[in-house]
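The data below hold one chain only, encoded as structure tokens and taken in the form predicted alone.
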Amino acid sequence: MAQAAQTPTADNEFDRDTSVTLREPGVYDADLSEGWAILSAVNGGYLLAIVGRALSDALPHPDPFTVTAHYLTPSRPGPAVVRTETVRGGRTLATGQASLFQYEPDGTEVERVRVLAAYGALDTLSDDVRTSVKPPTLPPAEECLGTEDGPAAFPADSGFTRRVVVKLDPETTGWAVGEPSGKGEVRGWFSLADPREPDPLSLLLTVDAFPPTAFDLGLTGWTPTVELTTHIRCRPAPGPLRVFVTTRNLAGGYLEEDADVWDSADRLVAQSRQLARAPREARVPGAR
């Protein structure tokens, strides 16, 4: 009989919508919720959290340390299957790979995402921290801007915007009124709309939850992720997260995005880099 893989809680949307059911060893069934889609495509961070949950169940260690995903085809809401494989099961780190598949109307199986990851136990890590980076300085969340405060950072019909609370520093929202800074920076506060404290799995969503930095470069339109690597550095403290996303180089029609995620205890809890295809439209949201 199929059994649900272990889920920390089931009383919030994130845990319900990222749940996976063990069909047989290494194979998990999932349902991609329409609530995490932007227009017709499912958010890449949400997909990563689903695959990450399956790997957490399949591997001998519980927590993602590094997760690299290649996005092969756009994912759509509906049934999916995740197939996992243990590449190496070490004493402190285990390496696994996984792919998420969906089916076309004619029954053809299509691979959507392929992941290679290392898992361990975050609670066993050393407390020694030596870092030169500082958390971003942000106005209080009530002084920051959400999609309800003006031109939307995401399409108005996006279910995704109703499931996350993103409050952007006003200094990085000029693109929303046709005045991008050209710096390629977005920063602000993040939490889930259905209250849930952050954990290593939800950090896989957080790193891909903000508006594309391409908007601040004067571009708008779909910015599909090609590859996303996320490092989880420690278990986050309860409370809202601060996120700082930057792009330093757009060339050849592609750009990189670097994200730093800080918890309420001023610790750097996650870092990511992704390569994305730049939008093809050289105009800004809100411009006439």
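Source: prediction; values computed, not measured. Note that residue numbering begins at 1 and tracks the sequence as displayed.
Heads up, the form predicted in complex with a further copy of the same chain isn't pictured, but that's what we're talking about next.
When contacts are defined as a non-hydrogen atom within 4.5 Å, all of R114, L250 and L255 contact a further copy of the same chain in the predicted bound form.
The chain is drawn here without a further copy of the same chain; in the predicted bound form, the stretch among 235 to 243, 219 to 227, 26 to 34, 51 to 59 whose residues come within 4.5 Å of it by any heavy atom is 219 to 227. Just one of V177, A193, L93, A141 comes within 4.5 Å of a further copy of the same chain in the predicted bound form, counting any heavy atom, and that one is L93.
Comment: a further copy of the same chain is not present in this chain, but in the predicted bound form one of E109, D128, E148, D106 has a heavy atom within 4.5 Å of it, namely D128. Although the partner is absent here, Q274 lies within 4.5 Å of a further copy of the same chain in the predicted bound form, judged by heavy atoms. Contact annotation for Q97: at least one heavy atom lies within 4.5 Å of a further copy of the same chain in the predicted bound form. Residue contact with a further copy of the same chain in the predicted bound form: D263 places no heavy atom within 4.5 Å of it. The shortest heavy atom separation between R267 and a further copy of the same chain in the predicted bound form is within 4.5 Å.
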